[in-house]
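Shown here is one chain on its own, the form predicted on its own, set out as structure tokens.
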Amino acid sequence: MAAAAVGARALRGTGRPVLRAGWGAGWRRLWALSGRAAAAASSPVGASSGSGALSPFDRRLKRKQKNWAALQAEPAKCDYLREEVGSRIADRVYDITRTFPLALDVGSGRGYIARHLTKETVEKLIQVDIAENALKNAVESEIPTVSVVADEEFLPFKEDTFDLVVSSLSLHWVNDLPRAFREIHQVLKPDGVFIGAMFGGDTLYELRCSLQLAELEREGGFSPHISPFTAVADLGHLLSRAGFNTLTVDTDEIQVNYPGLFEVMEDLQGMGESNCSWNRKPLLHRETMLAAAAIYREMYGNSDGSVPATFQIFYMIGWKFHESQARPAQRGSATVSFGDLAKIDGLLSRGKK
């Protein structure tokens, strides 16, 4: 697992807001809305916005948070983390030596992946997000794009439409991750590829522990302030159940240094990453927040007075089946035993003599 340490605002970029136009009549062929999918698409937050055990997140609140963040005077100043992860997703796209005629960005936000891609690699791109303000304020890209307001769990596209689907730091907020993976698999063409990134379980562990200890000390108990994340051991299983094969799942860490706890929370709000769990606590007392800031600095503080915030990132790659793809040989068809490999060194040494 690699770890990259960056300054709190070292990765922040700038860009002129732009909203791309459509491509004409050909666009209409992408849509195939019926039944529940059509009802979900009529509402930007889909049918998963109700509270309950199967819906841990308030999707309507998440939409408001992302819309608010996109309307700030300088939304780019909090884009440093999404920019970095978006560039790493683009690097994985470039590792595949082919051109993708039509691609989909699920949970695109302000276009954090598109700005790192070229039209030689992706000819056309659909950007989907629940926050219309994020799409309206998307940064400039050389790829022709179309913006669609829709929920990640209810993609309003026909089966076998896209050659490539990407997603960066969005799927950790969906209520039904297995369904989201199935939706992505469904809209991919055979031999199409899905490349995604999402936050892992160790994300913001410093903030989580500091808040819990402060609440225990000041209030005699604690409630969740950091939303639950998926474990890396579950991702491969979920992708396989959705129908993907030739899977690759790897993990990385990005550590960002901040002046203190309050700056961490301010930037999370600016990213649209505030907690939207249904069981979240509506407010924290002033004494609890001050205690949490002191605990954060005491337990995790750097020698220069700053405090680190760790973001664990899971990267995943999955392919939709096609007859042309390489497949493992049948069990028992091997002609060489692994036991024979031990004899290679002896044969080589004799050959040198």
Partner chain sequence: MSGRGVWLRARTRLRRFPALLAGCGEQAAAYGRCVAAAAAGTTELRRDACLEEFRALQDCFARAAKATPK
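Because the structure is predicted, anything quoted here is derived from the model rather than measured. Positions refer to the first chain, counted from 1.
The form predicted in complex with the partner chain exists for this protein as well; it is not shown, and the discussion that follows is about that form.
Contact check at 4.5 Å (heavy atoms) against the partner chain in the model of the complex: none of Glu159, Asp234 and Gly236 pass. Heavy atoms within 4.5 Å of the partner chain in the model of the complex map, among the stretches 196-204, 172-180, 261-269, 98-106, onto 261-269 alone.
A single residue from the set Val307, Ala70, Ile295, Ile313 has any heavy atom within 4.5 angstroms of the partner chain in the model of the complex; that residue is Ile295. Using a 4.5 Å cutoff between non-hydrogen atoms, Ile317 does not count as a contact of the partner chain in the model of the complex.
Using a 4.5 angstroms threshold between heavy atoms, Arg327 stays clear of the partner chain in the model of the complex.
Within this chain, Gly220 lines the site of the partner chain in the model of the complex, having a heavy atom no more than 4.5 Å away. When the partner chain is considered in the model of the complex, Glu287 lines it closely, a heavy atom lying within 4.5 Å.
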